[in-house]
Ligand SMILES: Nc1ncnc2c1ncn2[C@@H]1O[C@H](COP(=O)(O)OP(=O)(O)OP(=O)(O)O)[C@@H](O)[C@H]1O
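A lone chain, given as structure tokens: the form predicted on its own.
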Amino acid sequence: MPISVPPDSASSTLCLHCNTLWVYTSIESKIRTEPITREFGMHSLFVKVDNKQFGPFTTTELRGLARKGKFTPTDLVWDEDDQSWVHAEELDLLRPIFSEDGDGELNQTRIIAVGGGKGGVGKTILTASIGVALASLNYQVVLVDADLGGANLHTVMGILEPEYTFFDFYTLNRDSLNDIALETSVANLRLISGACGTLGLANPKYTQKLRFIRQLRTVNADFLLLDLGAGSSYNVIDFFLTADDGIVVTNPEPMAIQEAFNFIKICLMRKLRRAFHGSREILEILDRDELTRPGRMQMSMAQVAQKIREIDERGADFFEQVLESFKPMLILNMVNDPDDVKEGVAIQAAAGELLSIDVRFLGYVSYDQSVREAVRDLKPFILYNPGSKAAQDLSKLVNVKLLGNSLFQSFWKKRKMQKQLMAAREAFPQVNLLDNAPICSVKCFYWGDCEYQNGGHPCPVRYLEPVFKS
């Protein structure tokens, strides 16, 4: 599929082979910037001010600039349909952001990405339970397993052999994500399953990733929850930035706290480099060792913004708006001690001081043995034991912080949620892996080397074979 970017024949050209914008500063020299794509949302736009190209920016970011008088109806934006630069006031999408009562956003699915960098902090089990909680409040919810290298969200939902997976979507066996969305036993909740163990899907081709991201907005749902993989690969970061909201999950351990902050920093840097690909001066500032070297930052984003303002007043306005609009959310998981909650506040404070961004601390989920039991039972923990401490913490977090209900509203919402959860719990299929496990006997080819010999009983080792086959 051809990739369309705002042309600037005097200063740049796009290599369609590598999807990279080359910005020419003179006949003899050029600098390579970040890849330019349309993958970061349907309502992201490129802007040209003072003959410089910036973006893409979301309508939320442009609305913030408009309210400050930093973005005007006569500023130029790229019209994708007409393939030309037009005044902002000429686009129906942007016209409302210049009015006092307009918000400039269309009613659409709210995409929430759940990431965090470090593995083992509970992203998948939290994603599943958040989805169940939202569905119990009568929202239409779709869980999406975006962990391309290790999909297991379907297993948490008690589905060992999904009828359709991403493999069907990537191989064009199914045309859209809606076509592979599976019904679950929980009312209002569907699942788009990953394809674990399929060669190549962990690192999809660019066109495959772009098709997936574009399709996200077409899924029929109120909420779309993306369960991201561990690490900070480009796929993970781009999926996180594609979402309307991003939740970073971590636990109180020092390594996990450090990884969470680094993940937020890396996402912000990629967002900034993408937004200012057309400005050599701003890219040079972002590329300085103080920002890119591992370890503690030697220069805060506030200092970076000041250096940018010294050379480009309008560019600094856009830079500061990106910082203001980037508001990742944070959940502290597996909290044993009330004092551990301070770790979440510490990340929030560090992000404010060093990155000049507002990290919204949604709250914490207590360490609870029933969560581990729920995972072994192949159930979301909020269904396994709705009255558990972890389930109660998550219920409050979803009602008050994620949905923005008042404490009074939250009281009644929680009562409604509890009633729905109990009904969903009864309807949820009971998957007992031991029922289909091979029976231990001398005929087993492991018998001579096995230390778990217990003839006549289900094998305690091979009981997981149904999971391996999925």
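Residue numbers run from 1 along the displayed sequence. Computed from a prediction, not measured in an experiment: that's the story for all the values here.
If you look for the form predicted together with the named molecule, you will not find it shown, but the lines that follow are about it.
Heavy atoms within 4.5 Å of the named molecule in the model of the complex map, among the stretches 262 to 270, 371 to 379, 74 to 82, 214 to 222, onto 371 to 379 alone. Contact annotation: residue 182 falls outside 4.5 Å of the named molecule in the model of the complex, judged by heavy atom distances. The named molecule in the model of the complex comes within 4.5 Å of no heavy atom belonging to residue 148.
Within 4.5 Å of some heavy atom of the named molecule in the model of the complex lies at least one heavy atom of residue 367. Contact between residue 119 and the named molecule in the model of the complex is found at the 4.5 Å heavy atom cutoff. For the residues 154, 123, 190, 274, the 4.5 Å heavy atom test against the named molecule in the model of the complex is passed only by 123. Only one of 93, 297, 137, 230 comes within 4.5 Å of the named molecule in the model of the complex through a heavy atom, and that residue is 230.
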